[in-house]
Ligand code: C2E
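Presented as structure tokens, the chain that follows is alone, the form predicted alone.
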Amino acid sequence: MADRFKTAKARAKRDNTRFALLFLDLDGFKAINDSLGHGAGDELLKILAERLREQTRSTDTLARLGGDEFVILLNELNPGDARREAESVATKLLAELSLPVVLKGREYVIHASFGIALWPDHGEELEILLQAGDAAMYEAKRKGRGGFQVYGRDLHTQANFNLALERSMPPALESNQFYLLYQPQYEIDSGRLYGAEVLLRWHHHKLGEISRNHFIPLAESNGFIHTLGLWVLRQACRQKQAWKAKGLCRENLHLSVNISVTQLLQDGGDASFARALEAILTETGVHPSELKLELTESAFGQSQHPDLRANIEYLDRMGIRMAMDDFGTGHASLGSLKLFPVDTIKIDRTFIKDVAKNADDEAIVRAVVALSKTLNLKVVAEGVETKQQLELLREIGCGLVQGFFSGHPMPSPELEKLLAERHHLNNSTST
């Protein structure tokens, strides 16, 4: 690769042309390797490499860096139009790579993410261009995968910022910069406090509040999500026991905790996440029925992953129930509701936002509620912010609501106060 780069550089200087480096990473390759075996993974790489070769010119260079990463040098680009030409090639390659691949008698669709770096705009030397292409590729993945991103100086700044955040996560956990909030969930008909969703927050000691949408993907990519996720579960269970010790949880207050699908993968199939959770429940004295794990709907699409299956089966044996979060936004089949110990569906807030004034959203919510009743599942409407939304959901027959109208996310002392008030009210009523 280094020799080809030197040749490309010399040719570009001689002919007054430009060249681009395309940094390619396959999306979901590890899942293929894990579920079908390394033989199928190698076959997939050969098929996709051949497609890349067929779509590039003899003057270009295609090289595999390792794993599922490839680099393409696009030579002889017009100095005034190099970016557009590189983007055009990336678009063509994305379409070619996304065509179905047959492995072991079944069709699979593999997408890719491209990072584009231009010579000499983004670097004079190979190492610098590789770093720029790599940074742009990760930005393409962050935006949703299956696309491309051209490197920009702002990406360098963003990459450095992300690296600093990643490095500060372990000490931030030790110094109590992470904390939990609790958002109440209510039964619509009775008004009873049914439970609360546990929400993780990070108040950085120098930068202030860090968006969950920012730090969670970073924690997933660097593996810290495993430590952070178990910390959340342990803290939530300890808090639940503290409320019970004060006599504030006579009603079975359910705590719902979001978990990342990453926590259920890459553990060698020994259900290490489920075993760790079991140890936390034993340590804190919380019964499995008091805890609910929330997974986004898109995560259920990986139901055949062996690590995921091992954890789910272990959790099911423990008696842990699950909620399918963001229902309607992912690609899970209805069959996932049978494969997983799901007892709750959470309708995504995008459908609730205009449910009182948009006929299509109302129809979707009615259909989800009807389906849930048929399957004997609970339904939580997320993002309820107005009385009109609440009353329509009541009329539709939705059982549970969560949102600003009924309660903002609150620290544990505020929820404890709410529990104490309801405990006092219940005692007064009973006497």
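These numbers were taken from a predicted model, which means no experiment stands behind them. Note that residue numbering begins at 1 and tracks the sequence as displayed.
Beyond what is shown, the protein has a form predicted together with the named molecule; the following relates to that form.
- Contact with the named molecule, judged by heavy atoms within 4.5 Å in the predicted bound form, is confined among 72-80, 205-213, 97-105, 272-280 to 205-213.
- Only one of the listed residues (42, 391, 385, 50) places a non-hydrogen atom within 4.5 angstroms of the named molecule in the predicted bound form, and that residue is 385.
- Taking 168, 177, 260, 241 one by one, only a single residue has any non-hydrogen atom within 4.5 Å of the named molecule in the predicted bound form, and it is 260.
- Under a 4.5 angstroms non-hydrogen atom cutoff, the named molecule in the predicted bound form lacks residue 85 among its neighbouring residues.
- Using a 4.5 angstroms limit between non-hydrogen atoms, residue 197 touches the named molecule in the predicted bound form.
- The named molecule is not drawn, but in the predicted bound form it has a heavy atom within 4.5 Å of residue 232.
- In the predicted bound form, no heavy atom of residue 226 sits within 4.5 Å of the named molecule.
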